[in-house]
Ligand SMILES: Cc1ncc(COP(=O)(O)O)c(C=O)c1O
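What follows is a single chain, given as structure tokens, in the form predicted on its own.
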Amino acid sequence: MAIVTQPVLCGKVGQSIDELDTPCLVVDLDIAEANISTLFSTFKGKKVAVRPHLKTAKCPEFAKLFLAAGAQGVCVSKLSEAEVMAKAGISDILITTEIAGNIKIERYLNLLAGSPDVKVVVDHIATAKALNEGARGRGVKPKVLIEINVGQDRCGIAPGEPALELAMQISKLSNLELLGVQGYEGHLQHIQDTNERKKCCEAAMAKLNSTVELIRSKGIKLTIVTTGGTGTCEFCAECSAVTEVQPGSFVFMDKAYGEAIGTKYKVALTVLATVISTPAKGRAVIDAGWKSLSIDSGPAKPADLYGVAYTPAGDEHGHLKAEEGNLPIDLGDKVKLIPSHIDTTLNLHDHYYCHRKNKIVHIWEIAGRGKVQ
């Protein structure tokens, strides 16, 4: 008989966050909701819809908050994330990373049987043909967008004639529905100079816009033109072709985005840790290291300790060091840290402990955690 274990909760609804075991993720729900309101207010009355990207939140409950605020639908990065969101009753989903190979295509077609509005991006005719053949006789019709490389040099077909040729080939495949294009400028999100970020974004959008015009000039209908992250979505919205944007990090924010775009969106999420050792003057050790805080964008930042720096000290440990003098914390104290990169930090945790004025009101599972397939 198989033994199924469940993640251990750090606390319960009704407690103060000071009563939580650590390390854990705490979300100030008032701030998160204010961030959502700020974003949707920014695009209110504009022609551009918002399709928030759930590669950040990885949680159906946050997806439902976005939809209630007026989201067009949601984005996910992986097929497994789409499966999680579809299971939670979310229908309009765009998978923004290409799928390839028989295993993925079969899984996607199986998902379509119950969730027909899950869309995928393609950048090669071979994948489109495989989807077309796989759908034959199954009563499903994959909805696809062509991904265009607007400068990130990751996935995506080249803009202009190569993208047109692919669009013409896909439009002839009877079992597919070509809905539009995606052109994501992820490489520009963290440019700290606003004018430079805007200038670079406009150049990327010019590639997208001209390609959309070229494809449409051949009589191919494109109803979706999707792009734009938290750092660029407002600039992308000025492009005449763009119909929707995909910001995700705005809901929580992190150190890297704060350094790039300022304080329009406030920090709503922190990692709560405990001081477990005070071995020397001006130095403390907390119970949050590499396994609790990702470092791909640098070290986390203490939220409420000014003049104090955090550095990881191994899998389970982190150092807090005062720039001068003593640390204003004692053994057993709780400290909050702002992740440098929330997406990769969230993937290390099982739950959000959502609070209002420090009282836990919800414990939400990060159901998309570890869904990398």
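One rule holds for the numbers: they count along the sequence shown, beginning at 1. A quick note: this is a predicted structure, and the numbers were derived from the prediction, not measured.
Omitted here: the form predicted in complex with the ligand. The next part is about that form.
The ligand in the predicted complex is approached by residue 96, whose closest heavy atom lies within 4.5 angstroms of it. For the chain shown alone, residue 211 is not a contact residue for the ligand in the predicted complex, no non-hydrogen atom being within 4.5 angstroms.
At least one heavy atom of residue 184 is located within 4.5 Å of the ligand in the predicted complex.
The ligand is not drawn, but in the predicted complex it has a heavy atom within 4.5 Å of residue 55. Stretch-level contact check against the ligand in the predicted complex with heavy atoms at 4.5 Å: of 240-248, 157-165, 172-180, 193-201, the positive one is 240-248. Contact with the ligand in the predicted complex, defined as a heavy atom within 4.5 Å, holds for exactly one of 108, 265, 235, 257, namely 257. Checked against the ligand in the predicted complex, the candidates 229, 142, 73, 302 yield a single residue with a heavy atom inside 4.5 Å, and that residue is 229.
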